[in-house]
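Before any questions on how it binds or moves, here is one chain, the form predicted on its own, in structure tokens.
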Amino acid sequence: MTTHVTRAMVRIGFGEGWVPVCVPGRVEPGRAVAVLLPDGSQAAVFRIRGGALHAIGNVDPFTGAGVLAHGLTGSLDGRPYVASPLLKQRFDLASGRCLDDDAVAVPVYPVVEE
């Protein structure tokens, strides 16, 4: 007899499916985990202090470094953001838009915890 254990998992929507990221407890409030996606691109999954999950591209478009998962989270007018640890530009976690330069954005991915 084979027994299947179903574990809760955080997943990112990518292409036509969902990419498993980690068990929910690995994404702590105010923190993020970096993810390598199937096409070689990077994402960062954040859990904000209220518990909601957000996923954006991990590469800072101003430097080309995969560091956004290491940034500090905050909020502006009730909207959560992450500040890049390098040059401190802030990226809206819901839209990916740079709050300091309207011409710049990072990808946004759907994320679920199931």
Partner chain sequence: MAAHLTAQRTIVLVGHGMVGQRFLEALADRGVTARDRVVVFCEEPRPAYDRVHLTSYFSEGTTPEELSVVEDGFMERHGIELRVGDPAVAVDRNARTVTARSGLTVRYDTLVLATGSYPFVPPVPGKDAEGCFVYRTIEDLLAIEAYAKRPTTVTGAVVGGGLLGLEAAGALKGLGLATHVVEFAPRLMPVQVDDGGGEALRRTVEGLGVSVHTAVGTQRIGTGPDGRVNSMALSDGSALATDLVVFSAGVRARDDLARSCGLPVGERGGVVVDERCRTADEAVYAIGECAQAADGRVYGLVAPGYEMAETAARTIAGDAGSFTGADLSTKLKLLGVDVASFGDAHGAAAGCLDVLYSDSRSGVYRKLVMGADGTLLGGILVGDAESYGILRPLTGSVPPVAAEHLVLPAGAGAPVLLGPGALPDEAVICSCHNVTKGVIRGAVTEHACGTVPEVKKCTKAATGCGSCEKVVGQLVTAELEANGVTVDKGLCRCFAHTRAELYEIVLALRIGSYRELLDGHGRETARGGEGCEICKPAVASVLASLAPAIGASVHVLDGEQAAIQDTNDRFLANMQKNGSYSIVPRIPGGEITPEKLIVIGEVARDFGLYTKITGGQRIDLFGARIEQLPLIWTRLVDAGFESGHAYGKALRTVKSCVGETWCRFGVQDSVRMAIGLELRYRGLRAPHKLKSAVSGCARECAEAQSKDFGVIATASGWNLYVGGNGGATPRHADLLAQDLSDAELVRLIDRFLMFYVRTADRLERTSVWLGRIEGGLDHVREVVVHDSLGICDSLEALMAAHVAHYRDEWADTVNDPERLRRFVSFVNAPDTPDPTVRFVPERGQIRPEPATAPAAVPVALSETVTV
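Positions refer to the first chain, counted from 1. Note that this is a predicted model, so its numbers are computed, not measured.
Not pictured, yet referred to below: the form predicted together with its partner chain.
- Contact check for residue 20: a non-hydrogen atom falls within 4.5 Å of its partner chain in the predicted bound form.
- Heavy atoms of residue 61 reach within 4.5 Å of its partner chain in the predicted bound form, making it an interface residue.
- Its partner chain is not drawn, but in the predicted bound form it has no heavy atom within 4.5 Å of residue 55.
- Looking at residue 11, you'd find every heavy atom of it more than 4.5 angstroms from its partner chain in the predicted bound form.
- For the stretch 86-100, the set of residues having any non-hydrogen atom within 4.5 angstroms of its partner chain in the predicted bound form comprises 86, 87, 88, 90, in sequence order.
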